[in-house]
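A lone chain, given as structure tokens: the form predicted alone.
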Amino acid sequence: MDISGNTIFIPGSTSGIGLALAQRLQAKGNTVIIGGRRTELLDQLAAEHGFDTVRIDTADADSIRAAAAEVIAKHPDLNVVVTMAGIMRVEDWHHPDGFLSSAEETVTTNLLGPIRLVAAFIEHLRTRPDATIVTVSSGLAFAPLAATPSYNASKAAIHMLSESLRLQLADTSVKVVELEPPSVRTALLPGQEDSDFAMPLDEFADEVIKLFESQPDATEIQVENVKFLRYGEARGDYEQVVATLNAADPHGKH
């Protein structure tokens, strides 16, 4: 993906990684549209940063369709969609009350959300001469954190979805790039913003932008901090990676 000259829609970008990347992509000369559920926060960010905004709930299929129609109508040159929105919950799978509702919400947001976003934008993106879908998986797609089974599974599914879409869309103008964050200091889980285990947000976002800039043909964007998790199986030390991950972060602050 070229780092400038794009029109980019990022749902789930009113805070955390999404907002940090939106600011940096805008600074690189892109038109950035941010999406989120809270209209008052969207209005505040529009005033502060000059973003165009659209209300979207990525857990709601109707909201996705309406937001996509609005974005495409206002920005017919849209050529990049970043499927950023996601949730992460600590779950106890010893009994259904400890995980079932959380698991259903996680799959709806983290897996059905991106699928529905692709469905809403794919026909438009195929009309653009150079388009990109950026999916967002996780280091936990490749090594599990015991406390967050549904999150791990949803991100593993996003990885394989990205691999599959890249193959299917190879005959189109649409590229598929997978962003694979490690643990980052955001509010994804309570306490994560202050976790010594997590990567500072600005450091992560700066490295991501450098990777997009230096590797325009990359299919996976991996900061150095995620490679320990990403390549454990390939290195042959997967069991050690899983043990280290869960010993370092036993409460799920990933």
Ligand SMILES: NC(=O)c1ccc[n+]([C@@H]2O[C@H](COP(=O)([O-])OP(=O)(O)OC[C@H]3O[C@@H](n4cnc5c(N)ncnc54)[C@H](OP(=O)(O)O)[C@@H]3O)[C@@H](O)[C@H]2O)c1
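Heads up: residue numbers just count along the shown sequence, starting at 1. Bear in mind that the values here come from a model prediction, so they are computed numbers and not experimental data.
The form predicted in complex with the named molecule is left out here; the points below concern that form.
A.B. asks: Choose from 67-75, 94-102, 159-167, 132-140 the stretch whose residues reach within 4.5 Å of the named molecule in the model of the complex, heavy atoms counted.
C.D. replies: Within 4.5 Å of the partner lies stretch 132-140.
A.B. asks: With the named molecule left out of view, choose which of Ala85, Val80, Val174, Leu145 has a non-hydrogen atom within 4.5 angstroms of it in the model of the complex.
C.D. replies: Of the candidates Ala85, Val80, Val174, Leu145, Ala85 is the one lying within 4.5 Å of the named molecule in the model of the complex.
A.B. asks: Give me the residue from Gln222, Asn30, Gln192, Thr53 that has a heavy atom within 4.5 Å of the named molecule in the model of the complex.
C.D. replies: By the 4.5 Å heavy-atom cutoff, the listed residue in contact is Gln192.
A.B. asks: How about Ile17: is it within 4.5 Å of the named molecule in the model of the complex, going by heavy atoms?
C.D. replies: Looking in the model of the complex, residue contacts with the named molecule include Ile17, since a heavy atom lies within 4.5 Å.
A.B. asks: Does Ala187 reach the named molecule in the model of the complex, with heavy atoms at most 4.5 Å apart?
C.D. replies: Looking in the model of the complex, residue contacts with the named molecule include Ala187, since a heavy atom lies within 4.5 Å.
A.B. asks: Going by a heavy atom distance of 4.5 Å, is Pro182 a contact of the named molecule in the model of the complex?
C.D. replies: Contact with the named molecule, yes.
A.B. asks: Does Leu211 reach the named molecule in the model of the complex, with heavy atoms at most 4.5 Å apart?
C.D. replies: The answer is no: Leu211 has no heavy atom within 4.5 Å of the named molecule.
A.B. asks: What are the residues of 30-45, in order along the chain, with a heavy atom within 4.5 Å of the named molecule in the model of the complex?
C.D. replies: Counting only heavy atoms within 4.5 Å of the named molecule in the model of the complex, the contacting residues of 30-45 are Gly36, Arg37, Arg38.
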